[in-house]
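Quick setup: one chain, the form predicted on its own, written in structure tokens, and binding and motion questions come after.
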Amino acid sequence: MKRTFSILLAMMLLLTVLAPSVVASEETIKIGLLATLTGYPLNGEHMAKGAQMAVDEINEAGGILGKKVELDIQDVGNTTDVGINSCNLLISNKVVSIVGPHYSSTCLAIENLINAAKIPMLVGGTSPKIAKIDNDYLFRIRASDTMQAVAAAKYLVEGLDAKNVAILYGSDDFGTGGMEIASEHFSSVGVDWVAHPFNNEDTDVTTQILKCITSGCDSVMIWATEAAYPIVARQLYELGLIVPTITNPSLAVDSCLAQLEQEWVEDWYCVTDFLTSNSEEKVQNFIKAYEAKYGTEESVDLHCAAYYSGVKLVADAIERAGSTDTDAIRNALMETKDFEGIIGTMNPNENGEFIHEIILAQCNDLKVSYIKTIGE
């Protein structure tokens, strides 16, 4: 009996100690961030810094619904197992919305978890598969590859007069999705194409490149994560396949460019969400604010911009909903109209996709310069 009483007394004391923290947590609104802090650590760091900058600005302006915002950052490690565990942790931590993850394979692995928990999640994955999922709580805050890959393919054909295209692509969901969309467009306009996959972490893609050369291609399209570009670009150059080349947004990411040599990618093109050379006032103001907060030595890229925009969009939806109820937030997100994000004006379509424009750019002397904006 004494032992039972002691245990009960200890539990009561513990609850008394914890009570202030429980009350404190109810005084904040918690938003989750799923970031690639390992796997692609610089990308994840930029995601976290962009999202935290948004939270700090929101709190400095008085918070949301009179409450401070707390950012709960969890690492997805760019692996599905870690992503699942981190998503479950955010759910148990009672976040009202989740921003991220960035990569499509992780998005696809965890979307069922947020659907069951009924927590709105704003992802950066661009795979066309995401828009086909029946999940009312899944939103996308970057342009889909359905748009990006078609834009890249069209520019090869209409802008660079491609007649025989070689597609080099990562074998994950992201790379495969881009390849399928682009090849469908090439077939529809009567352009010949071949496609050769590789693993994003491969250290040798000479076999695939030699097959491209054998095909007599007059242009190349690359669709892969940043990790693949140093190998693919170098070996294309070394094997002499120097033809008009266009890529996905990876080429415009500073951490990717830093691993390349100028001659490997000179005159290459890319489609991208974000460019520091974009002269739009909102973009330049964002860059100045980011550098003022983190230092001018910090590179500013789409990871900073996209997840800053995602957190600001969630905050706007909560304010409009007048509630932290997740269904109310979800409904407010779907009712968003002309929200000015850093990577574009955000309006949701029926599939919860917010971005409907991209940038065409070109790389010269390891600097990626704006050419034009392309809308749907």
Partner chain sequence: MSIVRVTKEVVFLYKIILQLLVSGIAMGFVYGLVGIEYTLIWNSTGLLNFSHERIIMLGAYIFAGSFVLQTGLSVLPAIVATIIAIIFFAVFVAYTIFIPLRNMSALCAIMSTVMLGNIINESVRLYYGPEAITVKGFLTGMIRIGTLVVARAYVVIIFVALIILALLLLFMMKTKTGKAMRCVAQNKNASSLMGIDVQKNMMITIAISFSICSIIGLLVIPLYSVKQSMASMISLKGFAAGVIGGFGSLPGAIVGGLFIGIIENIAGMIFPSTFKDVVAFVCLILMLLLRPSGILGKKRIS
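Small disclaimer: the values here were computed from a predicted structure and weren't measured. Residue numbers count along the first chain shown, from 1.
Just so you know, the form predicted in complex with the partner chain exists too; it's not on screen, but the next bit is about it.
Only one of the listed residues (T146, N278, S183, Q208) places a non-hydrogen atom within 4.5 angstroms of the partner chain in the model of the complex, and that residue is Q208. When you look in the model of the complex, the only residue of L257, V150, I287, V243 with a non-hydrogen atom within 4.5 Å of the partner chain is L257. Exactly one of the stretches 260-268, 155-163, 279-287, 243-251 approaches the partner chain in the model of the complex with heavy atoms within 4.5 Å, and it is 260-268. At the 4.5 Å threshold, heavy atoms of V194 stay clear of the partner chain in the model of the complex, well away from it. Taking the partner from the other structure, the partner chain in the model of the complex has a heavy atom within 4.5 Å of a heavy atom of S171.
The partner chain is not shown here, but in the model of the complex it comes within 4.5 Å of a heavy atom of T38. For E291, no non-hydrogen atom is located within 4.5 Å of the partner chain in the model of the complex, even though that partner is not displayed. In the model of the complex, K211, I213, T214, A227, P230, I231 are the residues of 211-233 with at least one heavy atom within 4.5 Å of the partner chain, listed from first to last.
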